[in-house]
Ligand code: HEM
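Coming up is one lone chain in structure tokens, specifically the form predicted on its own.
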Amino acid sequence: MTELAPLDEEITLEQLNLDPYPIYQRLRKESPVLRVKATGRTMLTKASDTEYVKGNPALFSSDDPNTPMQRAFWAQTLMRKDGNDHRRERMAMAGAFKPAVIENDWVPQYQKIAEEYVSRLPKGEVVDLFPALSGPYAARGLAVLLGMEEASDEQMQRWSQALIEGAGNFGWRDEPFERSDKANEEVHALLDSLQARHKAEPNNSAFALMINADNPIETKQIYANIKIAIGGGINEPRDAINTVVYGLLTHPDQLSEVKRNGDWAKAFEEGIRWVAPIQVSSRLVKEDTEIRGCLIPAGDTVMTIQASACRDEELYEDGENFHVYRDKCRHQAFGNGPHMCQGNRVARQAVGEIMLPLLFDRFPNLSIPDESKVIWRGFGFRGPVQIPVLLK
């Protein structure tokens, strides 16, 4: 008789927040299918398993009732829907992510924002790149794309963090929900105030496209999906910038090669493979199934660890290390299947084509004076939360 996956009661959420990679490396070798008490989920750490689960929504549903996301966002976002319900809501904002719209509408604005934000950095000083550049740049670009330019960089970043912390509040503590409630109230108030402008002046922003559609989705869902975009759409490019900068500055030989060849897009892809900005996802098991000989019963929740999949030894030689010029860099950092990140083209352009070459052109001798001051954090989302650099 097939048995349940082994149960681990030792791994803690704090360990996963501080540095999950040694844990994932061990699990890939010893227990690639593991029930982890701290997460309340069966963790999958092998690339083939995570890809299989996310590509099979009929068996592994995104509608996980055990996640705090619905409580944190005041609604079930498109991230927690399947089939036609998911497709309808995803397509409602799809026009904002068309290649022609990205190229004609968003790239020029991201370029302008990048030049402005890089130009205000103080030459010759040590600054923390997170609050000085990567966070504000990601926030401002997303505000433009979503059609909520009236929100400040500070507001966008605060809302993003509050919503993400609420969605990841697996301990169901009061304080994170209080912060996410405040973010919900503020976002809703702003969106209410913006409807008249976008109806009077239709445009390609996600919010305008959704409220001006011939057959719009419900307003509650429009707001919910704007909020999920705020949650993930800031963290992903922000953390990617910080991660790639760290990877290049700590591997000067690779940086020289990237500069010589203009391989910023390759550096971007390797950076998000090495440290995936969005590390994990959850799926509800619809019927009894097996993975690697372990019973996964209906009603269980599996957690696909794309952070681990992106370093799987079966796919990558020396996957624990940053190496721009590895033989292959196919990765799952943007997910796969129906829920593959809708903004992946924007992130690739905003970071790999715009910000990275501009930053290193403006500061060709950019450096990290003290690597011990760089602090990495995150289980659900991960990147340097502090990265002091010398602007030379």
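From 1 onward, residues are counted along the sequence shown. What you see is a predicted model; the values in this text were computed from it and never measured.
What follows is about the form predicted in complex with protoporphyrin IX containing FE (HEM), which we do not show.
Asks: Answer yes or no: in the predicted bound form, does protoporphyrin IX containing FE (HEM) come within 4.5 Å of a heavy atom in every one of 93, 97 and 237?
Replies: Judged in the predicted bound form, 93, 97 and 237 all sit within 4.5 Å of protoporphyrin IX containing FE (HEM).
Asks: Out of 207 to 215, 78 to 86, 153 to 161, 254 to 262, where are the residues with a heavy atom within 4.5 Å of protoporphyrin IX containing FE (HEM) in the predicted bound form?
Replies: Looking at the partner contacts, the answer comes out as 78 to 86.
Asks: At the 4.5 Å heavy atom threshold, is residue 334 in contact with protoporphyrin IX containing FE (HEM) in the predicted bound form?
Replies: Because a heavy atom of residue 334 falls inside 4.5 Å of protoporphyrin IX containing FE (HEM) in the predicted bound form, the answer is yes.
Asks: Indicate whether residue 278 is a 4.5 Å heavy atom neighbour of protoporphyrin IX containing FE (HEM) in the predicted bound form.
Replies: Looking in the predicted bound form, residue contacts with protoporphyrin IX containing FE (HEM) include residue 278, since a heavy atom lies within 4.5 Å.
Asks: With the cut-off set at 4.5 Å between non-hydrogen atoms, does residue 134 touch protoporphyrin IX containing FE (HEM) in the predicted bound form?
Replies: It does not: once protoporphyrin IX containing FE (HEM) is placed as it appears in the predicted bound form, residue 134 has no heavy atom within 4.5 Å of it.
Asks: Residue 268 versus protoporphyrin IX containing FE (HEM), in the predicted bound form: is there a non-hydrogen atom within 4.5 Å?
Replies: Residue-level check for residue 268: yes, a contact with protoporphyrin IX containing FE (HEM).
Asks: Only one of 296, 248, 145, 129 has a non-hydrogen atom within 4.5 angstroms of protoporphyrin IX containing FE (HEM) in the predicted bound form; which is it?
Replies: Only one listed residue qualifies here, and that residue is 145.
Asks: Using a 4.5 Å heavy atom cut-off, which residue among 167, 183, 309, 272 comes into contact with protoporphyrin IX containing FE (HEM) in the predicted bound form?
Replies: Selected residue: 272.
Asks: Do any residues of 30 to 63 have a non-hydrogen atom within 4.5 angstroms of protoporphyrin IX containing FE (HEM) in the predicted bound form? If so, which ones, in sequence order?
Replies: Residue within 4.5 Å: 54, and no other.
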